[in-house]
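Below you will find one chain, with nothing else, as structure tokens; this is the form predicted alone, and questions on how it binds or moves follow later.
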Amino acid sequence: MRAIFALVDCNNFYASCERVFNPKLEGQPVVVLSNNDGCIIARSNEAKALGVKMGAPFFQVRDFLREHAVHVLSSNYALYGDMSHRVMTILHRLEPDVEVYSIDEAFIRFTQARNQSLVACAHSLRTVVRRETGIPVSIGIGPTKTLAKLANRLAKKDASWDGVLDISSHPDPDSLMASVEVGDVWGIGHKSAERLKASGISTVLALKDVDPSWMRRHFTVTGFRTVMELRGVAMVPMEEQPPDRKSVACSRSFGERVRSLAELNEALSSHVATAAQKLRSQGLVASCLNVFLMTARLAGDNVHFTDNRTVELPEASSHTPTLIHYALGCLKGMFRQGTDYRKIGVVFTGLVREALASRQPTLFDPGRSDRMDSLMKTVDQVNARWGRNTLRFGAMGFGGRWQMKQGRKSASFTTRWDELPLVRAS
């Protein structure tokens, strides 16, 4: 039986997460801001209808948002990450072949004969996700990933589909493709879209009808695959196990300019701890780390100066204290007294599977690595159960000017015991 793909996409995900715990936001225009409340990174449908642009700097549209009673919220990444995990857990429970594509998207492969139509299966899936998480989703179905993603886009844009569209069963799929601009198809970036339009290819239907060999010559194998996928030939398989990451990074812009080495040490240590936990959650260790430090703009100048240091670790590791030690050593060599800094971060590279990493026991303390593994496991378990940074390393401090501005952040409803919503029965 030929496989059929479905793309499950959470609608206006950040805004929907906020509405789950604040029902008063339903039907209201909502926007979510980026780090330090800088730019708009998410909009509800109501905010889009008002003409609010994605990426607009908050300070430029503040008055417009106030005038139109738009609810403005700071990013609450802990909430969004946890709600994403809940949605994906449901999908894995209900379907055997699931590929998590992003924080709010997942592909499903339908291969089994079913007692109901695929559209009915998709509606059932939507109902379960909404009932158990409060998050609305749209589902696009097609014989390839590209067509499933296209169907999903159409299902979200046109309410008449009631959130589900199977493009393979539509009586005239070409008419649907003709209604979508070529730049809106998965796999075609902005520059490629402009080149295609210059060649007279402005819609998805026109792209589907392009000679595949011409597409390969002018747009590489990626463009060729896109054309074939639009013709119903599956060229992009399901990733049953995501490939190992090439790097893991964590960085943040400061809420205020920072000058002291002590504050930079705290910020960097916090970023290292976050990135190290990501390594451990994926069973990876790092062989190399890079620390970068960015200055604030000079007076009357728009130029930032960035310095960085890289160190190769004597032993591949995901142990937070070890990684903090080497990261702070890099920072010490970069710090310049009297300089205003605006951002710091760490990047781990040379990643390998922990099980494949060769570890040379030290002469004087041969069991140190095993004890550190146990310590890190305990720290991760406690923080997973009781909330992030319940256990923390002293080098991370307890907050300062380097912390992000999040003046409009909602509570961490699902990840902090002291911020759980309260229900009172009369």
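What we label the rigid core is the largest C-alpha set whose atoms superpose within 1.5 Å from one form to the other. Each residue number is its position in the shown sequence, starting from 1. Only a predicted model underlies this, so the values are computations on that prediction, with no experimental measurement involved.
What follows is about the form predicted together with the DNA, which we do not show.
- Remark: G187 counts among the residues lining the DNA in the model of the complex, judged by a heavy atom distance of 4.5 Å or less.
- Taking the partner from the other structure, the DNA in the model of the complex has no heavy atom within 4.5 Å of any heavy atom of E266.
- Contact annotation for G397: none of its heavy atoms lies within 4.5 Å of the DNA in the model of the complex.
- Among residues of the shown chain, T378 is not one whose heavy atoms approach the DNA to within 4.5 Å in the model of the complex.
- Taken together, the three residues H92, T111 and K208 all stay farther than 4.5 Å from the DNA in the model of the complex, as judged by their closest heavy atom.
- Note on the interface: of 380-388, 35-43, 63-71, 22-30, the segment with non-hydrogen atoms within 4.5 angstroms of the DNA in the model of the complex is 35-43.
- Of the candidates S169, T295, T222, S202, T222 is the one whose heavy atoms come within 4.5 Å of the DNA in the model of the complex; the others do not.
- The single contact residue among M228, L284, V248, C330, judged by any heavy atom lying within 4.5 Å of the DNA in the model of the complex, is V248.
- Residues are counted as partner-facing when one of their heavy atoms sits within 4.5 Å of the DNA in the model of the complex; in 148-162 only K149 qualifies.
- Positional change of H68 between this form and the one not shown stays under 2 Å at the C-alpha, relative to the superposed core.
- Relative to the superposed rigid core, the position of the CA of E132 differs between this form and the one not shown by less than 2 Å.
- Once you line up the core between this form and the one not shown, the Cα of R257 ends up 2 Å or more from where it was.
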